[in-house]
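Single chain ahead, by itself, as structure tokens, in the form predicted alone.
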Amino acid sequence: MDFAPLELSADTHAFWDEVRAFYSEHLTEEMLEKEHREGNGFIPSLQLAMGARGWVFPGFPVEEGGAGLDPLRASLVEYEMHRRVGPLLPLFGPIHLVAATVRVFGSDELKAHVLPGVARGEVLMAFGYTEPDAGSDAAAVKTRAVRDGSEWVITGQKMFTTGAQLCQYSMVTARTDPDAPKHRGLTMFLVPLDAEGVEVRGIETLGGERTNFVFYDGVRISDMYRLGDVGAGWQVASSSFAVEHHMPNGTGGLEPIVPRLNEFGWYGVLGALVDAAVEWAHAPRSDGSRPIDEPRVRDRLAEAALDRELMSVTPGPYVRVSTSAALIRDAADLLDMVGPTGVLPRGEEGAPVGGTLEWIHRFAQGTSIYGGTTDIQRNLIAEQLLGLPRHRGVLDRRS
């Protein structure tokens, strides 16, 4: 492994300075504090400012609303944001992945109708897969879509649709053929959330983020909003899942046009945790001593910092499992290292580092289920990458 520093050109350093200055202006402490309080998962003014520069899709061609940046500069745009926000702003990933799905599976009419607004930062999109009885078994959806001429009538319920209160669209799996085997009777739609019959209700989470129930009561949408063929919704969803889970096969052409936001997002969470712990360790106690001067404290900080760096070089399919486990472990260990005051939440007098350690510890617990459980991810790795036999209890996806 080459541990030599990455040499950047003077032009690249200048661009990185430009990126830092941009986020210092458009991602201020006041904005982050407001997001901490509200937990929306998104800052609209930041998205608009990024859209004005083409940075919503920094690697896309300029004619498609992107900035046409090379991979290194596009990565700097994404990395610098996630370094600053940590666990905040989880809606960025869904926006990119849904837009990529529209780009690949949507009609020319739908792409022209939706994607320019996304690139400008004006249109936001969310995932609409999960239902009360359809979580890790994503094909068990009961939401129905019935064709009526050139329209579809959608009735059902989704949950954990993060960002629905701010988004204009949700990508929804619906059952269009109740008589077909469950993986073959689905169709994917991009549903306008301002359509008549849509109701969004908030759900508060342990980590402080807001997510949502979304109810669809006879919602009528044009066939223009269909993604992929009728009955091929599982293939569309599987392509999205493959990208989200970093699996090398079955991405349906989406992977090359989705930035590495998930990896940068995880790096940001672990980075925020480590940085907060290091800041705490350097603060003098009442007797003038500092925790950082104790060997055991330095050893524990080094372990967490190594976990962060290992995550950055872990191959995509494995990163979510290893990082979730490391984040849960490191958050608990570092909080224990700080002691009883570490559990004081943000805003409480005496909360170390503004309550960041306590906050990330709460957030970490959900990382083992976000986007499907890490147990499911382990099964995918075992079956698709390691060639192991399928789990005896796994659902038959051929049905």
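This is a predicted model, so every value here is computed, not measured. Start at 1 and count along the sequence shown; that's the residue number.
Keep in mind that the form predicted in complex with a small molecule is missing from the display, and what follows is about it.
Remark: Gly372 counts among the residues lining the small molecule in the predicted bound form, judged by a heavy atom distance of 4.5 Å or less.
In the predicted bound form, the small molecule stays beyond 4.5 Å of every heavy atom belonging to Tyr225.
In the predicted bound form, the small molecule stays beyond 4.5 Å of every heavy atom belonging to Tyr216. At the 4.5 Å threshold, heavy atoms of Thr205 reach the small molecule in the predicted bound form.
Contact annotation: the small molecule lies within 4.5 Å of heavy atoms from the stretch 363 to 371 in the predicted bound form, the single such stretch among 348 to 356, 35 to 43, 329 to 337, 363 to 371. Only one of Thr187, Thr143, Thr162, Ser324 comes within 4.5 Å of the small molecule in the predicted bound form through a heavy atom, and that residue is Thr162. The partner is absent here; in the predicted bound form, the one residue of Trp152, Phe105, Tyr129, Trp280 having a heavy atom within 4.5 Å of the small molecule is Tyr129.
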